[in-house]
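Next up: just one chain, as structure tokens, the form predicted alone.
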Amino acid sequence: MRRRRVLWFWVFVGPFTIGLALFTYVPLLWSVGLSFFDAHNTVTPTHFVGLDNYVSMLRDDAFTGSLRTFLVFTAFIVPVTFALSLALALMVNRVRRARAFFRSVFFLPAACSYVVAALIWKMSIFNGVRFGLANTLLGWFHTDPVAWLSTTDPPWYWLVIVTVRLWLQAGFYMILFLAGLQRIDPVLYEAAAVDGARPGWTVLRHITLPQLRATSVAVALLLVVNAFQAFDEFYNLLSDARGYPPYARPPLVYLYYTALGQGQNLGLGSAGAVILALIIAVVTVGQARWLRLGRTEADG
């Protein structure tokens, strides 16, 4: 019986394990190995260069500038998405009728492709001509059209990038917060009402938010990691037939052009990818320790 269980375990799990190894772990290990070689236009290099690729990436102003772009993007998208998704969850949780309908409506954008959403934002809403939706609204107030994606002073392109990401992911994190809200014991709110606590900010601050601590930490971690991985909306919003502009270039876009652009420097691109992965790991671990992820009240 035990052998049969082991056999059926590998029958079901084996194909997924093999696929995960072939399409995830092997490419990751190959990329790490590739970062120590001079790999121009090839994935099977022979010239070992040691840490030269890493030194070149860290000295590259374009790469460090892409990291600054990430910091700006994170400063915008993480707190705004966190606050909006929490607000949506609180509103949906208070709805007594058609709660499933509102939950589905707010979550629906999460099923949309980032590429499709970016093209809609670029071609229909913020297309930079007077017939776009945003410029049409400005025309009602007798304001000149704005070239949203090509104006750098002020940097209106951030409005386009942040709003499309916000529309795409706020519903997903709303579902996480909603699940956390539904796990809160109603007895806590009843006890607060008996003690004279007024509904609103007092209950939210002293009961709801502390009970949502674990969910809030998970949402914050996911938001930061997803911000590091931003690519589709940046590339599809800002690139055109002339290429990608020098501004608002996040790390993955820069690495894409480094590894697959005109230079085809796969060794340099792999080194940049390893550096980015290490930064994500350090930031995630540091954020988890700062937010005391996994600790209980007894742990202090």
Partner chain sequence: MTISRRTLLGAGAGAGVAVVSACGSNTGRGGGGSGGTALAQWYHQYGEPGTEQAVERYAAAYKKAHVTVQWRPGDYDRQTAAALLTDSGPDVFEVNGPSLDQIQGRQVEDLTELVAGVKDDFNSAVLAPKTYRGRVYGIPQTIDMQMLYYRKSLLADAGVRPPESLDELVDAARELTSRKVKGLFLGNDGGAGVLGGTPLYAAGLRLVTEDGKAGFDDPAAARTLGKLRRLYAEKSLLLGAPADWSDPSAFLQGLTAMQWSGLWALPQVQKELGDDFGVLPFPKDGAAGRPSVPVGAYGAAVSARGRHKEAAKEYVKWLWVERTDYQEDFALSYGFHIPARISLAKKAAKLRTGAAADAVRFTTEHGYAQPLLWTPASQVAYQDALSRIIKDGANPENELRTVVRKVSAELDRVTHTS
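Positions refer to the first chain, counted from 1. Nothing here was measured: the structure is a model prediction, and the numbers come from that model.
One more form of this protein, predicted together with its partner chain, exists but is not displayed; see below.
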Contact test in the predicted bound form: residue 49 vs its partner chain, heavy atoms, 4.5 Å: no
Interface membership of residue 252, its partner chain in the predicted bound form, 4.5 Å heavy atom rule: yes
Exercise: residue 93 in contact with its partner chain in the predicted bound form, heavy atom 4.5 Å: no
Residue 158 within 4.5 Å of its partner chain in the predicted bound form, heavy atoms: no
Non-hydrogen atom within 4.5 angstroms of its partner chain in the predicted bound form for each of 69, 101 and 183: no
Heavy atom within 4.5 Å of its partner chain in the predicted bound form - the one residue of 9, 16, 290, 23 that qualifies: 23
Segment that reaches its partner chain in the predicted bound form - one of 145-153, 84-92, 186-194, 209-217, heavy atoms within 4.5 Å: 145-153
Residues from 126-140 in contact with its partner chain (non-hydrogen atom within 4.5 Å) in the predicted bound form: 127, 128, 129, 130, 131
